[in-house]
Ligand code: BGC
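Given as structure tokens, the chain that follows is alone and in the form predicted alone.
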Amino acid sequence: MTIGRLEKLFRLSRPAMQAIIKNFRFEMAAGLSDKKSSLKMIPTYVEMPSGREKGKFIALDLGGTNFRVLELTLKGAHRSGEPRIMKFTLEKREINGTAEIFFDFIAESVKTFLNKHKISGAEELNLGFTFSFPIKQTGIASGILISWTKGFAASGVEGNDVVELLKEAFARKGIRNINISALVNDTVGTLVAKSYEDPGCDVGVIIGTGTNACYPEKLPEIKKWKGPQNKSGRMIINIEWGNFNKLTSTSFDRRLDKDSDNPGQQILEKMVSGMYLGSITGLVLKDMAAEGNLPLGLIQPLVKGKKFETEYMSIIEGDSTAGLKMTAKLLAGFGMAKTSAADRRVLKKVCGIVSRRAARISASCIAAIVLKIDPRLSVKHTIAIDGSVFEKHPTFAANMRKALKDLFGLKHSRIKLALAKDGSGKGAAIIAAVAAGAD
């Protein structure tokens, strides 16, 4: 595999991006109508904020072993105060224990937060609960855990309503002034957090270890929705775009998918997210070495089973030193002690080719969502994006903007990509306000 062949293989032309847009919109329509689709298009029961919401709200942001409890004061007129935050860590005892042990620890952490910030038991507050695991949402404040992910295995949680389990833990810990008014997906939280301050924000995206997107949809367009009407006539749809599968794959993508824990699933995620980009790059490097286009010694750690991490790609692509000295240091720590400047330049090109395709796929799917909302791209749209890949990779955001320019020409300026760092917790608090009718 030469660099020239690799560039051709991973190239995503304007027509190829337009094909992604067409297929993505078809899958969106099918998912909204409850027809066979790689996009789940899940109704979240969540409405967009008006920006007029006021009051003090609590959020619990649980997406992994580290979680946060925060308090946010909304001031109306699209303004909010700085959140007060405490971070906590779940240990093996909680992660692998019982539902009672798990949720008692969560409740005790909330109690610690309330005590530290002297929040009186007489002060009733609404809480938004971000729970970033596969949930079957059954209401604005109810949802059943389908299955644990990320190494979690607490018994007695799968198949049960996580809000009810948390309420029971609150009762055991004597917390009686907190009402859990909303169960939230982290992508939805990102959208809501940004849209509270920017009314033009109508798409939320995560591009980090995993990837997903959401947007507000008109209720009549959600053909599968059997629930009641709401005040705004719109509801945020959790697309679950990581499973989109109408993409042209390479032999490297197919090998990665075959060896994964979930073959045939999460195809877009395996081409875009931080969990997989480094692995794709590692497969390319092995192939190049096998064909004599890189020294075999260079990829020896990969042969021995070490993983080429996605964060390495960020360091390598951001290296502007003479002879790529930062890359040399990184590779030495990885076990590639003797590398030439020429080899390092090849490695940088490989990383760039893989990450550029990921950025152009992401931009194409965002374009599809925006065109679903606004087919003529007649107004401005802000896209709230959180996640380590978008935030920390040195060329990812720029490549996404270049892809949008390739697609829309001068109109690309109507799509603004905005970093919405740590939006899930703040968004959960705002959703609690919306659910509580604090408008």
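So that the term is clear: the rigid core is the largest set of C-alpha atoms that superpose within 1.5 Å between two forms. Quick note: we count residues from 1 along the sequence shown, nothing fancier. This is a predicted model, so every value here is computed, not measured.
Separately, the form predicted in complex with ligand BGC exists; it is not shown, and the next lines address it.
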{"query": "Contact flag, Ser132 vs ligand BGC in the model of the complex, heavy atom cut 4.5 Å", "finding": "yes"}
{"query": "Distance check, His117 to ligand BGC in the model of the complex, heavy atom within 4.5 Å", "finding": "no"}
{"query": "Residue contact check: Ser355 to ligand BGC in the model of the complex, 4.5 Å heavy atom", "finding": "no"}
{"query": "Contact flag, Lys150 vs ligand BGC in the model of the complex, heavy atom cut 4.5 Å", "finding": "yes"}
{"query": "Triplet Asp253, Ser279 and Thr310 all within 4.5 Å of ligand BGC in the model of the complex via a heavy atom", "finding": "no"}
{"query": "Residue among Thr327, Ser362, Gln266, Ser195 with a heavy atom within 4.5 Å of ligand BGC in the model of the complex", "finding": "Gln266"}
{"query": "Glu240, Glu317, Glu217, Asp343 - the one with a heavy atom within 4.5 Å of ligand BGC in the model of the complex", "finding": "Glu240"}
{"query": "Contact stretch among 218 to 226, 289 to 297, 91 to 99, 185 to 193 - heavy atom within 4.5 Å of ligand BGC in the model of the complex", "finding": "185 to 193"}
{"query": "Residues of stretch 202 to 217 in contact with ligand BGC in the model of the complex (4.5 Å, non-hydrogen atom)", "finding": "Ile206, Gly210, Thr211, Asn212"}
{"query": "Rigid core superposed: Met28 CA moves 2 Å or more between this form and the one not shown", "finding": "no"}
{"query": "After fitting the core, Trp148 CA displacement of 2 Å or more between this form and the one not shown", "finding": "yes"}
